[in-house]
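Two forms of the same protein chain are encoded below as structure tokens; each is given separately, as structure 1 and structure 2.
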Structure 1
Amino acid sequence: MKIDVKKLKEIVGEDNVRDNIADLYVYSSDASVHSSKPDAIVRPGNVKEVQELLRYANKNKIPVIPRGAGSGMSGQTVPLSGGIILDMKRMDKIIEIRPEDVICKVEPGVINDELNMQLKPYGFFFPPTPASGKICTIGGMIGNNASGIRSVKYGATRDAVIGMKVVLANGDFVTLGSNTKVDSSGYQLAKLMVGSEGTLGIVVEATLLISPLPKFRAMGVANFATLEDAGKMISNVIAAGITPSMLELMDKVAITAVNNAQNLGLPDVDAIAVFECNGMVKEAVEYDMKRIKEICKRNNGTGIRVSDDPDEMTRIYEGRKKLFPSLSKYSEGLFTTALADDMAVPMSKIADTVHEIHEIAKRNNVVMSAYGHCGAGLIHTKILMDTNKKSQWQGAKRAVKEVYEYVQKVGGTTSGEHGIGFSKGPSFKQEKKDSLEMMRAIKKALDPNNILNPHKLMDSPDDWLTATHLRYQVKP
């Protein structure tokens, strides 16, 4: 495969093509553990340039990997067989905001937090709230069906996308979905694109549902001596018909890491739950918070605090907010890796799953944290290990396999919000074995030359550990 760099520069301009070794190195990895070098980086600025680039790539059967901020944790934008990284961040216009229709239209390079800053004067916000909101782009969120801490009330990106404009592998331009919240006109192709990780087309514009900013908000925290009690509390809150805007869990590993890194003085307990309610009526928010407090007490919750003071709410949330960057401070010599990191399970299985995760970690000589948006059934895990040691990677590989086997056993799913890429490929293919050929048929119909982000999702390698170089110096 030989790429005509001169041709690429003719399409997007000389300043928007890179093929020097430094840039190729930077774009060889995302936030996953993987690394594989592309042949060129191209930054299109409009739909016409995207179309021309794809026509060229399709004709010459060159892989094209669309990329937003590169914050994906599963290798979604790692180019396993080289090719062109399509950096979409130049296409960053907020095309229109229509509060009267509760929608906005944006290009894929718009950053999530920037969109919310522009929506705020209208009294609206875009509900998906990923932790990477300061850098992640709408296009990346669509590719992975991102969600975040408020998914328990507002759902994920797929729930907010009602229409889009897409450039297909052959350069054709199509409009999918509508400008309306309800749409029963044929196949829901816009929804199909969400979560497809750039394997079916390049999103060049999205129509998104926006929500009114709540006028009132309150937050609380409760401590639990056992994971079982914390899991029952979470399940009971949802079963009671309460819809919190946030319901988060931190396990003992996470609590220890945050205390080591931030010296927050969090209590020495097995689990901490952080919860929030919001709405337009203060009395309704207060009523729901009161009910959650009662459920916490019934499930042996202690140290329960509730507040609607902004400063106090910030303090309550401080530990959860700083959790991910703190994990590498859990123990000297252990580093955080994103591997089995965002499974979802039925509510009733949260406590059992967190317990099993720790047992699996112990068996395989690694440390695993468990935390996340448990009000939506989503559990985040990170594997903490000595990344220099090959034996630790082998233990991590076994742990990942065992975790996902358990998740599937209890009726869960491989990824709740971070996507598959190829880190989670083996589990994904096992979970979706009955529909893999259907997915491949759709892929072939839209991308017969398989140029769009190949070797991902249903076509990912069977062994993620050897599929690419690792971003770590591993000793024998």
Structure 2
Amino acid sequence: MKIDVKKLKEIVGEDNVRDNIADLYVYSSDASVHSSKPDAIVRPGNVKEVQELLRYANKNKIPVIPRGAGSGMSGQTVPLSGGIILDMKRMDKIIEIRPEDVICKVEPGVINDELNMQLKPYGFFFPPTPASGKICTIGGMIGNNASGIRSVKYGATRDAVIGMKVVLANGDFVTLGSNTKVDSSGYQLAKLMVGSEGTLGIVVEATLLISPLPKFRAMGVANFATLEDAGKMISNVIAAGITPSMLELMDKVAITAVNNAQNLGLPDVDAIAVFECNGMVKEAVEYDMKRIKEICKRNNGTGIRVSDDPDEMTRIYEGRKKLFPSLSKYSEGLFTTALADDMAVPMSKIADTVHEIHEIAKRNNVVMSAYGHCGAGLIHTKILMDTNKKSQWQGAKRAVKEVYEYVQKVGGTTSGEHGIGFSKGPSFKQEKKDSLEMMRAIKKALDPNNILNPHKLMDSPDDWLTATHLRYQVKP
């Protein structure tokens, strides 16, 4: 079906539609390895426009792919079979902030850190803290169920979304969830939308739980000669009943990359743990930090440093947040690819998993880093390789498969927070094989013409490497 660009312009206005090849090319990729061009990019400015667009697309069976900042790592916003990219950045209003109800209502194009800036004068913040918070949108966070550095204490986006307004595939408008933290009636459809990667509806407004800004905060760093010691420290902290607001691990590859890119002068060790505690009572924060320090020592941690100096904390925090993109600086000629980029495993399996990731990398002649919000069992990896060599892509393909086979063997899950897209489709389908038909039935009920972000999640292609054109010159 050829898209009627004139019709799209009638709906959203001339200035909000693009179909030039250059725009299509730019919007054909995100932060994943994938690339596939849409037929048009449309920027709706209000609910009515979203409804009209979906009515048109549904009638003509045209795929519609919602997109925020396009910073997803698995190809969630890459349109496999063309269609319309719905760039939601224009819908960026903070509708209301209700501190007395501990909620706020926002449009999907609001940027995470912008929301936090607006919440700050009220003494509140939106807890999910993705590393990309300065540019990612609330809509994108909902689509992927993003969580981030503070998930160990505050959970993921799904925990903070209590209600939403959604435009369905046929253009119908529905209100889901409620304005209350507890809501026991019926199916939790607002929660269902979270993590659905835009396959079930277009979120046009979200009601979010907000949290009071903690008055006190302290941050610490500890070095470990072995991954095993670092892994034990992390699970010991959680098992001791401490709830840090951040408990991160960085492996040797990640440490080298951050040093190369950001000149942080981190020590040459196998692992570094970064931890943070926050709260309303200074003594409570200090007490928890003291206990974490003791646990670090018990697990052979060295160079343990704790600080409540804002500059020092910002330096550590920003260094950690820029870890993923910094990986490109690990070694000359090796480039970062967002493959096997996230997973979650039971806490006790973190060290074993990171160790296994390194073994898999060696076997397949690629470099893999491991880091992440390990206090929540979440591990991120990236594959560093010469993206111009076909053999490296084959190695990467084997490595991705082996990593997720191991994760499933130890009882883990394919994605902790980055979503499935194409890159993790095969392992997701393997892991969730018993519930795929249930997911398909839900999808069919809400989107019978399969227009909303098709070919994702349970319907993702079996081979991610050949699913789309890769955004590199090499053709594997």
Partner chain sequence: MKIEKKELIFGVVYLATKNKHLKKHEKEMNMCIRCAYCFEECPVIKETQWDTDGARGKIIMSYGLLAGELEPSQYIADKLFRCTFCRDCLDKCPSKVGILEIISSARADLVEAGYASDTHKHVINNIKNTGNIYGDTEVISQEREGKTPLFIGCQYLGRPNKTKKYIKILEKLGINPVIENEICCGYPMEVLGFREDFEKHKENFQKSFPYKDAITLCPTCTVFLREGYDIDAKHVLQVILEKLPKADLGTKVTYHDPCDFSRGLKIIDEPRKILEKLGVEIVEMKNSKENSRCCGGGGGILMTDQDLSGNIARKRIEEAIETGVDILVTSCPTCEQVLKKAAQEISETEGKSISVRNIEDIIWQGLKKGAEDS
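Numbering runs along the sequence of structure 1, starting at 1. Here the rigid core means the biggest group of C-alpha atoms that line up within 1.5 Å when the two forms are laid on top of each other. What you see is a predicted model; the values in this text were computed from it and never measured.
Remark: structure 2 matches the stated condition (the form predicted together with the partner chain).
Put the two forms on the same core and the Cα of N263 is off by 2 Å or more between structures 1 and 2.
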